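Take a look at this single chain, the form predicted on its own, given in structure tokens.
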């Protein structure tokens, strides 16, 4: 199984980025090979449709589970269409989040946040 985690740095020791479409990187962990891959989020530079681009990118990588903080409505549709299970991060680093998921200790995310929630800090809104 491939697990994607939204993160702030291209490093397996990075902290989680709670944004999905506007995170800087995805770390993808393969449970079979126990290997990490770090990829730049294609959605981060999109003027519009960041969540859609990010969601499609994860489907193209064969991801089956996602650990993040928030997912917008369009990204949620893309991810659900690809049968990606989405889990709420707990504020740990990547390795700890993966361990929590594999121990079934992370909460499922089944509802999207309002559109453009990942843009709030960029425009100074709360």
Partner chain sequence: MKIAVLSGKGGTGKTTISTNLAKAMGWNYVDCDVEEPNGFIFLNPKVIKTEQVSIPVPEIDPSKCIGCQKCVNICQFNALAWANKDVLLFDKLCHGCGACSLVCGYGAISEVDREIGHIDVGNDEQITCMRGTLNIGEPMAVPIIRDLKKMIGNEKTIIDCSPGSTCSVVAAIEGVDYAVLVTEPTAFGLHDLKIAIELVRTMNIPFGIIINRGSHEKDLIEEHCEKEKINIIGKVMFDKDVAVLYSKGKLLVEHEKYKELFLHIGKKVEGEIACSLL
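Numbering follows the first chain given and starts at 1. Please read these numbers as outputs of a predicted model, since none were measured by experiment.
The next section is about a form of this same protein that is not shown, the form predicted in complex with the partner chain.
This chain is displayed alone, yet in the predicted bound form one of 86, 28, 78, 101 has a heavy atom within 4.5 Å of the partner chain; that residue is 78. Contact check for 14, 24 and 68: none of the three has a heavy atom within 4.5 Å of the partner chain in the predicted bound form.
Within 4.5 Å of some heavy atom of the partner chain in the predicted bound form lies at least one heavy atom of residue 59. Shown alone here, residue 52 lies within 4.5 Å of the partner chain in the predicted bound form, counting heavy atoms only. Mapping the unseen interface onto this chain, residue 46 counts among the residues with a heavy atom inside 4.5 Å of the partner chain in the predicted bound form. Interface membership of residue 41, defined by any non-hydrogen atom within 4.5 Å of the partner chain in the predicted bound form, is ruled out.
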